[in-house]
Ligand SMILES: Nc1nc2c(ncn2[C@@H]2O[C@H](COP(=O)(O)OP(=O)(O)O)[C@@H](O)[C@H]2O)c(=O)[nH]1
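Just the one chain here, the form predicted alone, laid out as structure tokens.
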């Protein structure tokens, strides 16, 4: 089938086109990369920005997957369709997702309104592979909500924050290491904190109080949003509707304050610069005048991200040949 037909089907919200498009995005062969670039340009240019893009992160063992399962049930009960990307560690042998497409979201196993794909982090320890970014664009063209569950070992928080509208951090009660981890460097990223396993009682309430105290010491955010701390229990679905409502409220807040487009542009800029840095290193960025000059080029360009990335890569290579 011609690539244009796949794009047309995605823009028409055809769920059956999602899996082949994701397979294409995960294919590293040059011809597949070029085809993915063309597909993403069309989606970025023509797909309406209706989907809520949500990152779900937190330390291993916090219960991210079970909480997502509960959130999916809540969303489907409210007639929302859901696409999920679960970022897994990579297999050292195959390079693919180590845990594969195991069915974390049991409630969506036979539901046409739910789609789950596990994607490998590849060499990005704790971060996101480029295919994950493409996958989010593909799912956002078709589904009402797109959830991205990260590996949750550090770098993923800043990476996924540039990819989504809202980032939720899931903490385990009495997880001192998780709370110290938050205080050490990622307090600024999440838009919502969820203390999971609230059915454990006082320990969950203590963890929520610690989080709120830590947030009270943080500087005020430029977007005017104060991240709430919610108690939830994936086991009995306690607090899950409040999570949905909070994420919807954050999206509405961004739109009302003209911050949604700002956030999307910032994410686009970050993703392009990061991709070029990984490929060409410091010298490649300096060939275009340095990071600040490169960011200005990206901000000023009306081109879709995939085509712009190719144009900038060609410019860097030309400069490096001259030097």
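Positions refer to the first chain, counted from 1. It should be emphasised that the depicted structure is a prediction, and the values quoted were computed from it without experimental measurement.
Separately, the form predicted together with the named molecule exists; it is not shown, and the next lines address it.
Just give me the single entry in 287, 59, 39, 274 that has a non-hydrogen atom within 4.5 angstroms of the named molecule in the predicted complex.
Partner contact (heavy atom, 4.5 Å) among the options: 59.
Pick from 159, 191, 149, 137: which residue has any heavy atom within 4.5 angstroms of the named molecule in the predicted complex?
Among 159, 191, 149, 137, a heavy atom within 4.5 Å of the named molecule in the predicted complex occurs only for 149.
61-69, 29-37, 274-282, 45-53: which one contacts the named molecule in the predicted complex at 4.5 Å, heavy atom to heavy atom?
Of the options given, it is 61-69.
Spell it out for me: taking the named molecule in the predicted complex, does every residue among 197, 200 and 235 have a heavy atom no farther than 4.5 Å from it?
Checked in the predicted complex: all three residues contact the named molecule.
Is any part of 251-271 within 4.5 angstroms of the named molecule in the predicted complex by a non-hydrogen atom, and which residues would that be?
The stretch does not touch the partner at all.
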